[in-house]
Structures are given as C-alpha cells and as structure tokens.
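As structure tokens, the next two blocks hold two forms of the same chain, structure 1 and structure 2.
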Structure 1
Amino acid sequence: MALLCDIGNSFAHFYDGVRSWREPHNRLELYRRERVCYINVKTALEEELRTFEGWTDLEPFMEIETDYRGLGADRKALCLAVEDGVVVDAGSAVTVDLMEKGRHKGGFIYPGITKMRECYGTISPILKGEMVPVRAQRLPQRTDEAVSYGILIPLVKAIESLGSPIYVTGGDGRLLADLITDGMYDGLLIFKGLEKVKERVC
C-alpha cells in the first residue's frame, strides 16, 4: 500500500492509513524506495523528487471545478475533502476556501499565525512573546492579549463571514478552531482529499 505525503513549505507530512507523522525535508531521502503518492508545494524539491522511482505526483490528477487561477495542490486536496463548507488550513500561511456543492467558490490567504506573531516582535521588543488565549467578546487588558487578539479575531471574523460548516486543519488549526463558532478541527483533512485521488491513480 502506498503512503500519502503532503510536502509543505516547512515539513513533509506522511500518512499510512492509520497514523500521520512529519519529517524535515532533508529526511525524504529515507523514503526514496517506498511507494508514495504525494503533493509538493516546495518547488526547490521538485527535481530531487523526480528521481524517486516509486513516487507518484498526484497534482496532475487533481480536478476541481473553480474559476480561481493558481490554486495550489494543497488547497485543492483540502477542498476535495469537503463537499460543502469553509476549509481553513492554518499552516505557514492561513488559507481559507469556500466549497458549495463540490465547487470551489474562491478563497483568501492570510499570513501564518506564527509569522504574524514574529512580525510584532520586529516592531518592538515589548510585543515579543507567545500567543495567549483570547475571546472576541472580551477586549484585552494586557499587551500579550492585545497582540493575540489583533492577530486572531479579525481572521476568525473573516472566516465566519463565509458561512458554515467550518473545517480547520494545520499546525495552528486547533488554536483557530477553538475560537470559531462551530469550528471543527481535523488533522487528517488533507489526506482525506488525497485519498480520493489516490484511489484513481496509485
């Protein structure tokens, strides 16, 4: 049975049908002789991946009805997992896409939560720090809360404006899902989309 692999900008995420795990890009060589069905958004790896004989790139086989130009393979895979609803991937960037009756209606891209947090630290050392819990209904009373609120709440409001249900995934997905009304976190969402393509190809 072939492994599924989602190669992102920061890590490669694998799924064997039971469990998922991630690897740094420099460890992909260890899987060279495995059967792997993958997508890749890290363009610097494309040439190397073509030398992995048992690896099949699923992107050419991913079909989704949309007018959007330049929809990445990772976003396509996520959208293929959802017939109706809002799809949120909170990773290196936050991508938000709307699906209606299997058709992609459009979406937007927001800076990643971690990157946004780092950006505040370049403004002033006082603004450096970790994300802390916030709620839209309560205005912050401390600087660390104010920064977290400023990053998260406008994004949450923009996501909720697209309707529901809302499916959330990605490294910072749990943080967002906890703030979104009826937000549902699913760490395997991208693999559910890839599985549909794999059934036809691998």
Structure 2
Amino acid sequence: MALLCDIGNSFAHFYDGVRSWREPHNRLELYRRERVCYINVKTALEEELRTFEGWTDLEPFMEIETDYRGLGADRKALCLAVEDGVVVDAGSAVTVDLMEKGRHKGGFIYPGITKMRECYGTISPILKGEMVPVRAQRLPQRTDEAVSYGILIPLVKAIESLGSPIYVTGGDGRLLADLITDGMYDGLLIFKGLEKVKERVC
C-alpha cells in the first residue's frame, strides 16, 4: 500500500493509514524507493521529487468545484475531506475555507501565530512577549493580554462568522480549536482528503 505524503514549506508529513509522522525535507531521499502518493507546495523540491520512481504527484488529479483562482494543493486536499463546513489550517499561514455541499465557496488567509507575534514585535518592543491565555468572553486588562487577544480572537471571530461545523488542523490547530465554539481539531484531515484522491489514482 502506498504511503501518503504532504510536503509543506517546513516539513513533510507522512501517513501510512494508521500512523502519521513528519520528516525534514533532507530525509525525503530515504523514501525514494517507497510507493508514495504526495502533494508538494515547496517548489524548490519539485524536480528532485520527479526522480523518485514510485512517487505520484496527486495535484493534477485533485478536482474541486470552485471559482477560487490559485487554491494550493494542500488547501484543495483539506477541502476535499469536508462536504459541509469551515476548514482551517493553522500553519505558518492560516488558511480558512468554506465548503457547502462539496463545493468550495471561497476562503481567506491570515498570518500564522508565530508570524503575528513577530509582527507585533516590529511595532514596538512593548508588544513583544510570550503568549498568555485569552478567551473571547473576557476583554484584556494588560498589554500582554491585549496582544495575545489581538493575535487570536479576531481570527476566531472571522472563522465563526462563516458557519459550522469547523474543522481545524495544522501545527497551531489545537490551540486555535480550543478557542472556537464548535471547533474540532483533526490532525489527519489532509490525509482524509488525499485518501479520496489516491483511491482514484494510485
């Protein structure tokens, strides 16, 4: 059985139907003789991946009904996992997409939490600091709370305004899902989408 692999800008994530694990890009070489169905958003790796004989790029086979131009392979795969609802991927960027009856209705992009923290740091040294716990129902009473709230709660409100259910994945997915009413964390969401494509292709 072929492995599934989602290659992002920072890491590659593998899934064998049971377990998932991540690898740095420079270890992909070790899998070159495996059968792997993959998607890749790191353009610098494209050429090398084509030399891996048992590897199949799923991107050309991913079809999704949408008017959106420029939907990345990873967003497509996540959306294919969901028939109805909001799909959130909280990585170095946060992508938020809306699915209705299997159709992609559009979506937006927000900076990842790490990027937002860096951004506040460039405004003023006072706004640089560790994240502190916040929740939408309690207005901040100090600068560090005001920043953590500003990083997270506007995003939460924009996500919630799109409807439900809300599926959340990605490195900061757990943190974010905890703040979202009816937010459900699913670390394997992208593989559920890729699985559907693989069934037709690999």
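Heads up, when I say rigid core I mean the largest set of C-alphas that superpose within 1.5 Å between the two forms. Sequence positions of structure 1, starting at 1, serve as the residue numbers. In this text, all values refer to a predicted model and were calculated from it rather than measured experimentally.
- Form assignment for the chain places structure 2 as the one matching the criterion, namely the form predicted in complex with another copy of the chain.
- For D57, the Cα coordinates differ by under 2 angstroms between structure 1 and structure 2 after the core has been superposed.
- When the rigid core is held fixed, the Cα atom of C119 travels 2 angstroms or more between structure 1 and structure 2.
- Core-superposed comparison between structure 1 and structure 2: the Cα of Q141 travels 2 Å or more.
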